[in-house]
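Take a look at this single chain in structure tokens; it is the form predicted alone.
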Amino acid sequence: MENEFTFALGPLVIGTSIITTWGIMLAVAAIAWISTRRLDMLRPGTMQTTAEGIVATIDEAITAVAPEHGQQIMPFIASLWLFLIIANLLGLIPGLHSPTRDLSVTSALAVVVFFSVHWFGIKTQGLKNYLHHYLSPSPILLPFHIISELTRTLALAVRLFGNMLSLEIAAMLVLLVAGFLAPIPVLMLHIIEALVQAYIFGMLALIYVAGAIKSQQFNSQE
């Protein structure tokens, strides 16, 4: 789906999805700063309590998948989850659309996950052990490993894009047919599906990163 034209900086066209994405990133950074600038161990406020609950929930999910590297992976996965939740729910605001219904945005997110998997693998086990993973158990499987990396990255981008675009189209069609007779069911469907898609994307990213780290650990122990 193409971006609606906003303005151009030379050959670079800045569309609404890019502006919305930047806005979400600034909002997440601002919320994180506001919720942590006055921490109180004895009498935590409502915002601090909420932030601690969110962080604890994400940390528990990450630790269940990668218990030995939870703290290392936490900043990336937590930021990804928070961004996706806000981005997916943004379509509920009248006049706005979820940037994740744009294939260019979901592709960029998938590429970030792709490079993060390799970065965490190299950082944890070193370049030699990491490259050895692609030659195990036989060098013949190297092309299949590469194809697998590329296809799962493509699947990440297309899955999120397709689900969010179809969700907004379905909600629009229901409202056009039923008018405002069924706003609550449509709203609940949008919220649930948006949260589910954010969870799936973030969990797959977590599994890919943890899988790269653990596979390299196994190879280094051989």
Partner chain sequence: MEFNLSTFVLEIINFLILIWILQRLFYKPLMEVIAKRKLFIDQSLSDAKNLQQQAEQQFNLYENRQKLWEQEKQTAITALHRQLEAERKEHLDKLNADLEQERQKAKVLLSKQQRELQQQTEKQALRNAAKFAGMLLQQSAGSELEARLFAMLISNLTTLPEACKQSLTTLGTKKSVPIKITSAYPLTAEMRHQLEQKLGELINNQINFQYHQDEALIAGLRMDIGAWVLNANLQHELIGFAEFGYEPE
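Remember, predicted model here, so these are calculated numbers, not experimental data. Numbering follows the first chain given and starts at 1.
Beyond what is shown, the protein has a form predicted in complex with the partner chain; the following relates to that form.
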Handout entry: Candidate from Ser136, Asn129, Ser104, Thr124 lying within 4.5 Å of the partner chain in the model of the complex - any heavy atom
Key = Ser104
Completion exercise
Note: exactly one of Leu39, Ala64, Ile191, Ala155 sits with a heavy atom within 4.5 Å of the partner chain in the model of the complex, namely Leu39
Problem - the partner chain contact in the model of the complex: Pro143, any heavy atom under 4.5 Å - result: no
Practice task
Flag Gln71 as yes or no: does it have a non-hydrogen atom within 4.5 angstroms of any non-hydrogen atom of the partner chain in the model of the complex?
Solution key: yes
Exercise for the section: Give a yes/no on whether Val174 approaches the partner chain to within 4.5 Å in the model of the complex, heavy atoms considered. Expected result: no
Problem - Touches the partner chain in the model of the complex: Leu187 (any heavy atom, 4.5 Å) - result: no
Problem - Any residue of 24-51 that, in the model of the complex, places a heavy atom within 4.5 Å of the partner chain - result: Met25, Val28, Ala29, Ala32, Trp33, Ser35, Thr36, Leu39, Asp40, Met41, Leu42, Pro44, Gln48, Ala51
